[in-house]
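Quick heads-up: it's one chain on its own, the form predicted alone, in structure tokens.
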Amino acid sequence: MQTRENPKTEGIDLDHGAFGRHGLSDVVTHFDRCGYVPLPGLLPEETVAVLREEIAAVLPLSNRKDFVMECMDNTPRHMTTVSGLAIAERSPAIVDLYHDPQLIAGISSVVGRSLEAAGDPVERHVLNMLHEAGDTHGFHTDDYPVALVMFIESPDCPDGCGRLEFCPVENAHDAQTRSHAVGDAYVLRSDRLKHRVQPIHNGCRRTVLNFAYSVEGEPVEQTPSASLLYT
């Protein structure tokens, strides 16, 4: 297994205050009701720069995906991905960030439940890139209940593209969309909300790290989706 020398774990600093800016009791209530909490500015500029270096190291292990995912209602996948196993091989710093106790405590405070690492190393910490015209991550739910999504690149074109769209599984007509800038993040109840990334325009890029977590004591029902997308 290859690893990078001198991983820059110490350079990955987060603005942990983002987890409680609106009062944690209000945030937990909002998450229970909506399933989505934005964390603007969670990644300071210096941290984004360090993560870009880490991402450059794992990109040689990326896979291009262009297919329809049958197990998720035949929704499209046009994107480039890096699996959790590849990240573990090339970026100890991202792995350390995923397991950081202060980060896990912060996300747990948002969702009002104790979280723990996802059991599947393929899906645990992944990289998703939309960088070709029409790239999209079609509607789906995740196997693991809580996702922290952090923006390393984000489209800023005036027409808008690459937005998060989500809705309750049982009510597709109640969809909401959200935009995020570089350095932003959000927490999503990703097993109960159908969600997608709207297609991006030519010349735009959307690169995110997605950290998946289990809720302590809750079972996880796994689908083939992770292996199809990340292997």
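Numbering starts at 1 and runs along the sequence shown. None of these values were measured; they are calculated from a predicted model.
There is another form of the same protein, the form predicted together with a small molecule; it is not shown, and what comes next is about it.
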Looking at the partner-bound form in the predicted bound form, is residue 166 within 4.5 Å of the small molecule by any heavy atom? no
Residue 95 near the small molecule in the predicted bound form, any heavy atom under 4.5 Å? no
Check residue 125 for me: does it contact the small molecule in the predicted bound form (non-hydrogen atoms, 4.5 angstroms)? no
Might residue 137 be said to contact the small molecule in the predicted bound form, defining contact as any heavy atom within 4.5 Å? yes
Three-residue site 142, 197 and 230 fully in contact with the small molecule in the predicted bound form at 4.5 Å by heavy atom: yes
Stretch in contact, per heavy atom within 4.5 angstroms of the small molecule in the predicted bound form, of 200 to 208, 59 to 67, 22 to 30, 42 to 50: 200 to 208
Of 103, 111, 88, 149, which residue is found within 4.5 angstroms of the small molecule in the predicted bound form when only non-hydrogen atoms are counted? 149
